[in-house]
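The data below hold one chain only, encoded as structure tokens and taken in the form predicted on its own.
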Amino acid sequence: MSSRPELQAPPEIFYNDAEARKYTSSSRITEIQAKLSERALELLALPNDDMPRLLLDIGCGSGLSGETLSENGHHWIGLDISQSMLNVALEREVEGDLLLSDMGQGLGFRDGVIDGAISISAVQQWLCNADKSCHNPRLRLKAFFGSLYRCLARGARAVLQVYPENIAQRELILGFAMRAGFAGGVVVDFPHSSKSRKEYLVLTCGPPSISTAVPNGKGEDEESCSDDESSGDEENQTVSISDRHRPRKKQKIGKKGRGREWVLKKKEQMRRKGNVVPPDTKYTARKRKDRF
């Protein structure tokens, strides 16, 4: 294809019956989807206890990425806006449950029931474009990330593989994820290769006590590379962990605390500024008893 699908037509129109079958029958696309899904599952960092998890495949299409989840022993729910893609998935008898849904309108799941979520080439493609006059990318991103945060179990991760067009689009997506309550950042694989470069938005759901460290991306030797190696220029720099619950900056207090002398000094300063200040008494700056 000469240009990105999202620039040609809305997903439910672009992926018609013919395009859905063409997409699924391509051995190249099947191989790419399998590799991306395996990497996304790796970044989910699920507990290694041989227990199946309930995962969400956002923009599941014809179920190519869902097959990787099934092969690893997990249950999954796939949602997509293209009826043709879901029809192909039904014909292929994929093991996951399928939903016809627009992720830009939010995910209709109960709170805390999903153990993890992946998305391969869907979130950035179909949420950052206004396909209809009623579409507002910012409102759609807000609805998506807000509902995704609510349906994930505390401590669960969401791994979204994206192809941002520029830095502004990357920051837009990550910004709405942070506002929804997520912590995390961008993991870049093969940062120095224009052809093999892949970006994953790794998000963690839960309070600050839960570890939210962002994994390192992979280098050309398939080994993880450090942040210094993966940030060769300004565009390639990943976004560090964001925390919505930062403690407020504490004021410096001496070993003896704020005594009567300090309080009287402050009251005098306020009087010189013309403010109404209570008069000084023997009770000024006296510590109250616990039962007060």
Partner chain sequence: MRLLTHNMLSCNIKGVTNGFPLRLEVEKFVEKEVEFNSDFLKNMFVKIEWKALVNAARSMGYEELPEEADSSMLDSDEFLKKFHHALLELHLEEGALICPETGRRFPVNKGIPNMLLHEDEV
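Since we're looking at a predicted model, the values are computed, not measured. Residue numbers count along the first chain shown, from 1.
Omitted from view is the form predicted together with its partner chain, to which the following refers.
- Proximity to its partner chain in the predicted bound form, taken as a non-hydrogen atom within 4.5 angstroms, holds for one residue of Asn87, Gln169, Asn129, Asn72, which is Asn87.
- Leu98 is the sole member of Leu98, Ala122, Ile173, Val187 with a non-hydrogen atom lying within 4.5 angstroms of its partner chain in the predicted bound form.
- Using a 4.5 angstroms threshold between heavy atoms, Asp102 counts as touching its partner chain in the predicted bound form.
- In the predicted bound form, no heavy atom of Gly155 sits within 4.5 Å of its partner chain.
- The shortest heavy atom separation between Arg53 and its partner chain in the predicted bound form is within 4.5 Å.
- Put simply, Gly106 is close to its partner chain in the predicted bound form: some heavy atom of it is within 4.5 Å.
- Proximity to its partner chain in the predicted bound form, taken as heavy atoms within 4.5 Å, picks out 78 to 86 from the listed stretches 78 to 86, 157 to 165, 189 to 197, 174 to 182.
- In the predicted bound form, not one residue of 170 to 192 has a heavy atom within 4.5 Å of its partner chain.
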